[in-house]
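A single chain, nothing else alongside it, follows as structure tokens in the form predicted alone.
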Amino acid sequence: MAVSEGNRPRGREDLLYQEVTDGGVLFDPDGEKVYVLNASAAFVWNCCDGAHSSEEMLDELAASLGPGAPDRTTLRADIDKAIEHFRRNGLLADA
């Protein structure tokens, strides 16, 4: 399911997040679950602040990866997949 451009996802405030060498780790104290995020998923998580639209995430991710970045269609699919994963696992705050 594609994320709508106007959607501005926000992570739950009770989750604990730690940057690691190649990504990040999320801990859900309620569900007592740990989620290991690769670098692109960690980037998306950090943008799930309620202020970034998926289009803004796409622009920032493409800019951070520079000229060797995958095409925008691939990056959009990665962003949509990460947000859907966060949503499916209850890691996003209710809108």
Partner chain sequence: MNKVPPIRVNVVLAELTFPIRVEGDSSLAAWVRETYPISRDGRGAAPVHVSWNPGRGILRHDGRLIKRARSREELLQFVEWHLAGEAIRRWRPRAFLLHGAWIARGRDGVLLAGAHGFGKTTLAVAMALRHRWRLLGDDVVIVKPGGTVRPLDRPVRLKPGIASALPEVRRLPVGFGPWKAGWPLLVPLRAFRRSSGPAPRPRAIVILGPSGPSEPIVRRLGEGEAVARLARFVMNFRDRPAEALERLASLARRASVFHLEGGSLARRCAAVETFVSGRAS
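Residue numbers count along the first chain shown, from 1. These figures come from a predicted structure and were not determined experimentally.
Separately, the form predicted in complex with its partner chain exists; it is not shown, and the next lines address it.
> Looking in the predicted bound form, any heavy atom of T73 within 4.5 Å of its partner chain?
Replying inline: Answer no; every heavy atom of T73 is more than 4.5 Å from its partner chain in the predicted bound form.
> Using heavy atoms and a 4.5 Å limit, would one call A77 a contact residue for its partner chain in the predicted bound form?
Replying inline: The answer is no: A77 has no heavy atom within 4.5 Å of its partner chain.
> Going by a heavy atom distance of 4.5 Å, is D22 a contact of its partner chain in the predicted bound form?
Replying inline: Yes.
> Is there a heavy atom of A51 no more than 4.5 Å from a heavy atom of its partner chain in the predicted bound form?
Replying inline: No - in the predicted bound form, heavy atoms of A51 and its partner chain never come within 4.5 Å of each other.
> So which bits of 12 to 41 sit within 4.5 Å of its partner chain in the predicted bound form, heavy atoms only?
Replying inline: In sequence order, L16, Q18, E19, V20, T21, D22, V25, F27, E32, V34, V36 come within 4.5 Å of the partner.
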